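Have a look below at one chain only, the form predicted alone, in structure tokens format.
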């Protein structure tokens, strides 16, 4: 497996792809997007169709991308990850040095899990959650008046908020009648106050999510919410749940109605199928639909093991992304779901991708000699069409796009207007955008000329239900880690978020000391200029 830890530009396929990128397939040529090409470049797996005829590639490029995937041992490393090999490390330097086992949380559905110990722990937590949800349903767990809980407030930040929120909003249509979930993440007190002000707190559970039990924003928000409950005459320990690491400061039965565990080998941004997302989703959807979501994720995990990129949508998206980013030089990717339910899915992928692959050193600690992860952004269509698609079509920056759509809507309500349903209009817009970006349009009027050759892919499934959402989430998780393996970077730490936290804590210490000690003269070591900020009046009331 040493071969799989080489820098990408040392692999034989890399140089050949550099040459091919000098004259990529021209999507604007007459008949370039012919029916044979469109039907030929479709990858079908696990209930998804990935249409990629609108990418600037041909069979030769695909063969070389396959070779690059093989030479980097991307799929082999994905399998080693699932089996529990310690991949979260930088060789020769201090690093987290952990297993990466988010897939173990959904291996509960296969007879021989890849990492039996981790999957055993996931099963135990799932059984605890099943029991708790049953007690909510039968009234064993209720409020002080014997009334059922109708709301749950999820307190977390980063991976403890973005992924769970994105999945909940995606599946809100399948919620148990009368139950709603709300989210508090920002340490801005207006966030918490705004959420709590709309609720009957007596019928509200609060789910606090922090692996370490020491995340400053989460603990601050928790204490804020506890204070509001007390002010309303409610006992927080009868309403509060904890999702945390075993034996963390939050693993405390005196403070929480129930505690569920998350484990060190599951990174925050990959934690939506652990108790981080499961407690909230179980409350909202019920246990059986939660199982469907997890089963969907497992289905895509298995599909991502296929070595042939033509049969593995996660690997194909990963390698097409590398083609666009490293060889064609496009720095960003727009992920554009044509589903209002996926309104926060791109925000989750922004964290998952950019926190994973926004690295500048290899797994050997060497400076990266090529680009690592791209900038991820986007909004749902068709709203986005009336916001930023002008730049996608005619801007000087080429932005590859990944469209996501569904043949049927979630709620089975629609209307035929002018001969077509709203869902048909939605899909027509999606496909038209992909074709227009690829083919462009010539005009003597430069203001109405569309250059074309703007690459995209289209991911289509039948309906966004819990099973499909699990598959979609796992597809993008796999895409991200497969790209990381190809780039030979560590996709599982986030050292880049630490410096700001350290400096913020130092500033808070400075502010506290100033308040407590009248003779305090400032920090002896002031490398980042707090005194300058103070002089400028930034820190003054």
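For clarity, every value in this text was computed on a predicted model and none was experimentally measured. Residue numbers count along the first chain shown, from 1.
Note that the form predicted together with glucose-6-phosphate isn't included here; everything after this is about it.
Partner contact region in the predicted complex: 207 to 215, out of 335 to 343, 447 to 455, 207 to 215, 108 to 116, criterion any non-hydrogen atom within 4.5 Å of glucose-6-phosphate. Shown without its partner, this chain lists 150, 299, 185, 351 as candidates; in the predicted complex, only 351 has a non-hydrogen atom within 4.5 angstroms of glucose-6-phosphate. When glucose-6-phosphate is considered in the predicted complex, only one residue from 63, 37, 44, 501 comes within 4.5 Å through any heavy atom, namely 501.
In the predicted complex, glucose-6-phosphate lies farther than 4.5 Å from every heavy atom of residue 378. Of the heavy atoms in residue 67, none are within 4.5 Å of glucose-6-phosphate in the predicted complex. In the predicted complex, glucose-6-phosphate lies farther than 4.5 Å from every heavy atom of residue 164.
glucose-6-phosphate is not drawn, but in the predicted complex it has a heavy atom within 4.5 Å of residue 269. Residues 157, 158, 159, 160 are the members of 145 to 173 with a non-hydrogen atom no more than 4.5 angstroms from glucose-6-phosphate in the predicted complex.
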